[in-house]
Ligand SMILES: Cc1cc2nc3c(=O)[nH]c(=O)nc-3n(C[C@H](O)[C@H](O)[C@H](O)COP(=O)(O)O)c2cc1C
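We begin with a single chain expressed as C-alpha cells, specifically the form predicted alone.
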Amino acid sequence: MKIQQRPYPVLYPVPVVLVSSLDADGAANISTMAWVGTVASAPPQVAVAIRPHRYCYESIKERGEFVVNIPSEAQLAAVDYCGSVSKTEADKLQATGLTTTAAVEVQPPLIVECPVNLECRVRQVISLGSHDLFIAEIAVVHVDDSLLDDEGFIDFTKARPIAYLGNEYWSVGQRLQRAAFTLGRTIV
C-alpha cells in the first residue's frame, strides 16, 4: 500500500554540482547546488534553481554567466563545505584548496579539480517562489580526457559523480544497461 503525503521536492536522485560565479568585485565564488538539470538539447541548456538570498544569486543574475563544475567523489569534502558556508563567512577557494582556471567563453572560472565543466550563459530567469530558475545555454563543455571511453563518451565509472538524496550524498554506482535495451536497440 502507498501512503499519500503532502507535496514536497522528493525527486531523486539529483546531481551535485559546484557552480562558479564572479561577484560584483570580480572575485570568484563557488556554490554547491543540487537542484540542477538538463532542459534542452538543441541548443544544449541546463537549469539551476537558486534561492534569492544566496550570495551567488545577484552575481549570476547581473552577469548572466556561470560555470557548472561537475565534481567527482574525490571533491566530496569541498562540495559539502561549499554548500554549508557562505562567501560572506569565508573564502571557499582558500578553505577547500580548490583551484580555478580561466574559462573560454564566460568570465567565471572553471574549477580545475572537477573533471567536467560547463560554461553557461543565462537565457531566462523564472521566478518560482522559494527559488528562481536560471535557464542557461551551454557555451563550452570541458571534459578531462582520462574520463573518455573508446567511443568518446564519458565513462561514468571513472567520473564518479555525486548524487544528492534528501540530506545525504551518494555515489552513482554502476551502469545497469544502455537505453532501449528492452526494444533490442542501443541508443548512442
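On a predicted model such as this, the values are computed, not experimentally measured, just so you know. Start at 1 with the first residue shown and count on from there.
If you look for the form predicted together with the named molecule, you will not find it shown, but the lines that follow are about it.
K.L.:
Please determine, with the chain shown alone, which of 113-121, 97-105, 67-75, 82-90 has non-hydrogen atoms within 4.5 Å of the named molecule in the predicted bound form.
P.N.:
So the stretch in question is 82-90.
K.L.:
So which of 138, 49, 143, 159 gets a non-hydrogen atom within 4.5 Å of the named molecule in the predicted bound form?
P.N.:
Here the answer is residue option 49.
K.L.:
Check whether residue 32 has any heavy atom within 4.5 Å of a heavy atom of the named molecule in the predicted bound form, and answer yes or no.
P.N.:
Residue 32: yes, in contact with the named molecule in the predicted bound form.
K.L.:
With the partner left out here, check for me: in the predicted bound form, does some heavy atom of residue 22 sit within 4.5 Å of the named molecule?
P.N.:
Although the named molecule is absent here, residue 22 would stay clear of it in the predicted bound form, with no heavy atoms inside 4.5 Å.
K.L.:
Using a 4.5 Å heavy atom cut-off, state whether residue 61 contacts the named molecule in the predicted bound form.
P.N.:
Although the named molecule is absent here, residue 61 would stay clear of it in the predicted bound form, with no heavy atoms inside 4.5 Å.
K.L.:
Would you please decide whether residue 169 lies within 4.5 angstroms of the named molecule in the predicted bound form, comparing each non-hydrogen atom pair?
P.N.:
Within the cut-off, so yes.
K.L.:
Just give me the residues of 128-144, first to last, that have a heavy atom within 4.5 Å of the named molecule in the predicted bound form.
P.N.:
Sequence-ordered list has one entry, 131.
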